[in-house]
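What follows are structure tokens for two forms of the same protein chain, given separately as structure 1 and structure 2.
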Structure 1
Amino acid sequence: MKIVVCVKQIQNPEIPPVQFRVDEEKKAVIPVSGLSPVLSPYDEQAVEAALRIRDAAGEGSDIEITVVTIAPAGARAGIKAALALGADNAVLLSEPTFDGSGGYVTARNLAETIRAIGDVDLILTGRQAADWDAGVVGLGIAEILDIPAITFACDVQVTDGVVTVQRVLEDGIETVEADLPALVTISNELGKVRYASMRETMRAAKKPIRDWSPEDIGLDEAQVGFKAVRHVLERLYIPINDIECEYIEGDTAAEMAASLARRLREAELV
């Protein structure tokens, strides 16, 4: 069975907000210097979901896990991280012509890559990338490939050509199944991911990475990057909403609590 996990490497989303800056003129994020990119956390959980499926199948299973990423700057940190976690091989779209973001173009590039890999049974993605937070690429790939998609998974299992997914609802959990091939997007409720073991990290250096051109995925240059982008980023900014905080003082917790309760009553909040 072939599993493809689509991953993205991004600037660490856990940096202190004061370090996050944008260039409004260029409408771009200013990278924090000296900071290594990380796998988008939801994508890391998608890799984990694939590894759990392989673990469940036991030793000697025929499950092959391929990670796919678009990284026009040639940056490989994302796939290296995924390979060190245990994925078997990777496909990288690194040519500059792939530059230019947007859900529509990204989904098509990934869908055509998956088609070119061939005979893929299960595609896993994060529920959204933790930079632009759009959450459209996974569903877009499924629509383009005309396969079923199940979103916001917290558990994924595969038995006899059927994927069974527990998915998160606002007020509970739903169990949904689909025949393979299918696509599943993974939510943070999947839980803790494993650490890369020393053994896998060593092995990862030798795992095959295929670097594909637009031609390799059956598209021409005008279809894969900036030229194909259909949205216009009109503005990118950081909203300012700092307000003056009135700190409630007191020598003991009880004093502070009493003082806060009084202020809340004065402000007619309780």
Structure 2
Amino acid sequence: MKIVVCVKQIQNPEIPPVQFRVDEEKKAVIPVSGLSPVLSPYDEQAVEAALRIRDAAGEGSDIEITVVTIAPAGARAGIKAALALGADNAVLLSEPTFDGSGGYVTARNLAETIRAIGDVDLILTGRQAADWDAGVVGLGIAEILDIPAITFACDVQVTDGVVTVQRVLEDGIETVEADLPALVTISNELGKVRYASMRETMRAAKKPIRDWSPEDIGLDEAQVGFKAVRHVLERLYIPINDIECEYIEGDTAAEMAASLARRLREAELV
């Protein structure tokens, strides 16, 4: 059985807000100097979900877990982190032509990569990336590959060619089944991600990472980068917080309430 986990490396979401910078002219986030990117937390849980499926299959199972990501050639921290958790191998789409493509093109690139890997039974992604929070890539992959998709999973099990998923709703949990191949997006309710063991961390250095170009996945440069973008980013900026607070005074609660009502009428809010 082949499981592919699609992951994204992002700027560490735990950085202090004062260190977050945006280049408004280039409409891009400025990376914090000296700080390595990390796996998006939801994608970490997608890796964990794959490992739990393999654990449930028992010792000697033939489950292979492949991590796929789009990242610069030198930014392998996220891949190494996934391999150290226990994934078997990875595919890296690192050519500059892959950069800046947006949700649809990213989904297309990942879908064609999965096709190129071949005979993939289950695809796992995070419910959304923790930087842009769009949540469209996973479902885009499923649409392009024409396979079932189940979202917001907090538990994933595979038995006899069927994936059984408990998915999170606003008011509870529902159980959904789908025949394989299928795609599942993993939510934070899956629970805590395991720590990388010393054994797997040492093994990760020797695990294969395939570096693929657009040609390797059957696409040309016009289909993978800026030329293929289907959205327009009008502006990227950090909003200015200029909220002012006015204290309503009065000797009694009734006087303060009357003053508040008067100010609200003056501001034409009531």
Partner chain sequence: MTENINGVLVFVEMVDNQPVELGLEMLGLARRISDSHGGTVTAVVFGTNLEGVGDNLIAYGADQVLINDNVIFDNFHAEAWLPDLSKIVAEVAPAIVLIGHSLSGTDLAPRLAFRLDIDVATGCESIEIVNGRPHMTRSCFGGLAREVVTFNKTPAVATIRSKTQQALTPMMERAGEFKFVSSILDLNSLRSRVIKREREKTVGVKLESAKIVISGGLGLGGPEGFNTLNEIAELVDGAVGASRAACDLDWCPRSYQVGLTGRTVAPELYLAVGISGASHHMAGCGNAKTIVSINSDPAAAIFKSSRFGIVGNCQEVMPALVEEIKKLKA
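Residues are numbered by position in structure 1's sequence, first residue being 1. Worth saying up front: this structure is predicted, and the values here are computed from it rather than measured. We call the rigid core whatever largest set of C-alpha positions still superposes within 1.5 Å between the two forms.
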- Would you check which of the pair is the form predicted in complex with its partner chain? 1
- Among 192, 25, 241, 119, which is located at the hinge of the rigid-part motion between structure 1 and structure 2? 241
- Domain reorientation between structure 1 and structure 2, expressed as the smaller rigid part's turn in degrees: 49
- Message: Given the rigid core as reference frame, how large is the C-alpha shift of residue 245 between structure 1 and structure 2? Answer in angstrom.
- Response: 7.1
